[in-house]
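Only one chain is given next, in structure tokens, and it is the form predicted alone.
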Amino acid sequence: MAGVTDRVPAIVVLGAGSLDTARRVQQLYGAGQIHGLRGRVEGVEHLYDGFADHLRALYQAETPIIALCAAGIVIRSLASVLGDKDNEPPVLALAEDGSAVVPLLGGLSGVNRMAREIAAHLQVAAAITTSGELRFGTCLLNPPAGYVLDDLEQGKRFVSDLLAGQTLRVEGDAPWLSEARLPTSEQGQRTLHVGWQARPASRDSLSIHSRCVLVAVRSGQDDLPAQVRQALHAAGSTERALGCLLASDSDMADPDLHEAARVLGVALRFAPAASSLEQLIAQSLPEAHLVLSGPLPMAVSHAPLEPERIGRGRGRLAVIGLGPGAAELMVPAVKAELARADDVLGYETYVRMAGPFRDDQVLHCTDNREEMQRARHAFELAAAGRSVVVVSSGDPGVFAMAAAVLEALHESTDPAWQRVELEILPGVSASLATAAWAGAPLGHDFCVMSLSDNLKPWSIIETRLDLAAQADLVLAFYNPISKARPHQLGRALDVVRRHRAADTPVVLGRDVGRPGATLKVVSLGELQPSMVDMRTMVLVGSSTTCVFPRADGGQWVYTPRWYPQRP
């Protein structure tokens, strides 16, 4: 569970009365998401249906939990999934008004530290009950970021000995212990070693390793994790002291390097190409007090490494789809991407839909017709090492930004753009959201078309429309009408009516997934362009599309999965 407190916490509320406190905690953690009970809470990042089930799912996913409710409710909810305390996320109960902070689970993964952080932010006292922390004012089993405990079981025995009256000698630099109330003595019966060297196991000693070792690597090396481990062993270092891998930025897109960093559990950073790996280290970590040469040169810093200050990381560009607008229809991967972003780019209306944002996130809002400029700007930011998100509504690959981003990359001759980590994350498109509300009008083969002729001639639209209608495909129309082209929907319907009966069902979904959404079912014969605007999704049924009454007075629309045999 090392590093679990670096994960985004879930701030779980049961009712609207907790939201003020939840927002205050969210400000502390920046990217923390508020999870609210559906039907009781609105305007939060995540909605859930059952409190106990949701809490158990978060716990099993090793997500830190801050629950704004009575401690007993949390305990009863999680009782059935509790296991080894060595492998559990931090779980805290927080009073709805913020007056009490109670750490419940995760003593070995930083729950008491989180409790103190929250308590200090809310200006209350944390209810710490752990004996070691109460006695000594620190938890040796959970050292701060940049340090790692060598052996948890030995650590438990070690702390027990100190609680029983043994004295302690500290060897090495442990600045976080300066304010602790440990029973230290120059002739201590127990020894705490803090450093990067590997040490033999001993009943009377405990090692906490400083993650201060950097290893330089290059592309094309076989079984790189094994090579790094061998180099560390040869230098007398423990693997737990490894804090960072460093490579040339020309190798930035090499998947083997990224996989090695993942296997070793460390950051991978990049620096401008140098004549040798030793030179790469020298220009990136000048404060290192020891540089060891070899097949894999390494450096040892005076203090734990801060990877974000070494070279730069590989920039990331994600093109995301927000879905039709409702927060609950945004896929989890998109929410996670927004939480990690440094920069968010997009049409202002869509960017605002993607919020709320942290104060340190930079928003780049542009006009809806500036797609290529937006895509190029996104690559420039990502090539500088930033984490960038380009926002689309619906799905980014359906008449949206994914194609523009790929076109910008295809046209570019800048190698730095090619090295950016690029990912397209899907969203629920407007046609799918409208179809789901109506029933299943897209249940058989269908065709999705944009009636906008901004980027393609109307003659192409009309030809494709005629062929799709002749093929008896269900038709989904994006951009059906606007002030600039008020006549085109009427012309499109004239084409469709050559091949479809007047009683063909048509679904009109306006602002589906957003406040004030409406859904209407009419026949093709009744449909008039005046019933539609730019925010309407038009689904024209095929010859097999059916309509029947709903119990609430509306209508279900579906297209059967079968198709009649024709002579």
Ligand code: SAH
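In case it trips you up, residue 1 is the first one in the sequence shown, and so on. These numbers come from a predicted model, not from an experiment.
Same protein, other form: the form predicted together with ligand SAH, not shown, and the subject of what follows.
- The closest heavy atom approach of residue 541 to ligand SAH in the model of the complex falls outside 4.5 Å.
- Contact check for residue 510: a heavy atom falls within 4.5 Å of ligand SAH in the model of the complex.
- In the model of the complex, no heavy atom of residue 249 sits within 4.5 Å of ligand SAH.
- Heavy atoms of residue 136 never reach within 4.5 Å of ligand SAH in the model of the complex, leaving it off the interface.
- The contact residue chosen from 535, 499, 40, 56 relative to ligand SAH in the model of the complex is 535, the criterion being a non-hydrogen atom within 4.5 angstroms.
- 477 is the sole member of 196, 477, 158, 270 with a non-hydrogen atom within 4.5 Å of ligand SAH in the model of the complex.
- The partner is not drawn, yet in the model of the complex one stretch among 72-80, 146-154, 236-244, 386-394 has residues with heavy atoms inside 4.5 Å of ligand SAH: 386-394.
- Within 4.5 angstroms of ligand SAH in the model of the complex, the stretch 394-417 places a non-hydrogen atom from each of 394, 395, 398, 399, 400, taken in sequence order.
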